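Next up: a single chain in structure tokens, the form predicted alone.
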Amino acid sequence: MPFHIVLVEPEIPANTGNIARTCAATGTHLHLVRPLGFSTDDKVLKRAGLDYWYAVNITYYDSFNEVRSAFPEGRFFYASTRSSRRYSEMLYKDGDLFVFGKETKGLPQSLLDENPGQSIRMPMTDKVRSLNLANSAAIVVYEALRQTGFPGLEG
């Protein structure tokens, strides 16, 4: 069963395109929650994903509640700079869903408050507010893949 990256209201097409490319390379399912801050016909989005769009399993939703309804038994992990738990402290398993918020605001605090044991962060210096969204998604999904033995991947 693949891992899942859920982007809640992404704003920057290049980030989503890069994440789509990571999904194509890892067999990770991409979920996009509207509103999107760009058109899916955006040239920057398509360029960032290169010619790998055919290999991306992508689903669109009108709300995050739709994602939760689609995966009632799913294990959701919420990436946020406001979390105190490192992403590397969690034990991941096949089918986990990694949720990322919009680039300018992150995930709503209410969502983090509702899921206190499921929020994760990437350690960093106090010189920056956050990492790039595409980098954060890649870090988390590759840790999950490492923990599960990189199923279905070569090399």
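All of these numbers come straight from a predicted model, not from anything done at the bench. One rule holds for the numbers: they count along the sequence shown, beginning at 1.
Omitted here: the form predicted together with a small molecule. The next part is about that form.
The contact residue chosen from Ala55, Met124, Ala70, Ile58 relative to the small molecule in the model of the complex is Met124, the criterion being a non-hydrogen atom within 4.5 angstroms. In the model of the complex, at least one heavy atom of Leu107 sits within 4.5 Å of the small molecule. Remark: Ile120 counts among the residues lining the small molecule in the model of the complex, judged by a heavy atom distance of 4.5 Å or less.
Using a 4.5 angstroms limit between non-hydrogen atoms, Ser136 touches the small molecule in the model of the complex. In the model of the complex, Ser130 approaches the small molecule with a heavy atom inside 4.5 Å.
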